[in-house]
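Only one chain comes next, encoded as structure tokens, the form predicted on its own.
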């Protein structure tokens, strides 16, 4: 089977490509640095020729409200048009648990626009909603940092390791279209402020985390249901401690 992975050189994409190639499939890791650009359309029709399945794992390079919306809408339209021309039989997109609940955030408005395009495309699809990646903890800490204090919501999160995400995406690529949203999440539910405090302590970072219910998460206020899955998700196996023990942060 021929599978094209948009964003195939990124964190999740590279791991997903490796898994699918290991199972004997023809896989193209598509990204601007391999000559495939969903914004300009460069190389898109050539990459998708004869393709059975497309996984869209690309992310916006900017989190600014207008830029992120333009990215997901432009990329989505170009990709769907190229898939229709190529006769692609299954479109899979990676999105975020809580997207529909966090519309205060320009990033999540962009993701919801992407999902709407997919549902209306007429192409059989699967949208995978994932909880936050453990690999993003450093960036989350930085987003809330003022001086030596990290202001973060104490809302619950259910972090998942990128290896578990890649396993789920590879499984979706080899499964029938769900024509629905499915959810994946990490094995543990923990408060965001507590988790980041554990991460900073483990990395010998002197910053102090302050739990603040009013702290925004990429522009959105959180509650205990915002970022966790309550829809019978597929659970990953890797705990925070297991992930950290093998992560670059522990080196």
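What you see is a predicted model; the values in this text were computed from it and never measured. Numbering follows the first chain given and starts at 1.
Keep in mind that the form predicted in complex with a small molecule is missing from the display, and what follows is about it.
Enquirer: Which of 173-181, 115-123, 91-99, 149-157 has heavy atoms within 4.5 Å of the small molecule in the predicted complex?
Expert: Selected range: 91-99.
Enquirer: My question is simply whether residue 237 lines the interface with the small molecule in the predicted complex - judged by any non-hydrogen atom within 4.5 Å.
Expert: Because no heavy atom of residue 237 falls inside 4.5 Å of the small molecule in the predicted complex, the answer is no.
Enquirer: Taking the small molecule as it sits in the predicted complex, is residue 12 in contact with it (heavy atom to heavy atom, 4.5 Å or less)?
Expert: Contact check for residue 12: yes, within 4.5 Å of the small molecule in the predicted complex.
Enquirer: Contact with the small molecule in the predicted complex for residue 226, defined as at least one heavy atom pair within 4.5 Å: yes or no?
Expert: Looking in the predicted complex, residue contacts with the small molecule do not include residue 226, since no heavy atom lies within 4.5 Å.
Enquirer: With the partner left out here, check for me: in the predicted complex, does some heavy atom of residue 39 sit within 4.5 Å of the small molecule?
Expert: Within the cut-off, so yes.
Enquirer: Please identify the residue among 222, 58, 195, 48 with any heavy atom within 4.5 Å of the small molecule in the predicted complex.
Expert: Selected residue: 58.
Enquirer: Any chance 207, 243 and 247 all have a heavy atom within 4.5 Å of the small molecule in the predicted complex?
Expert: Result no, not one residue of the spot touches the small molecule.
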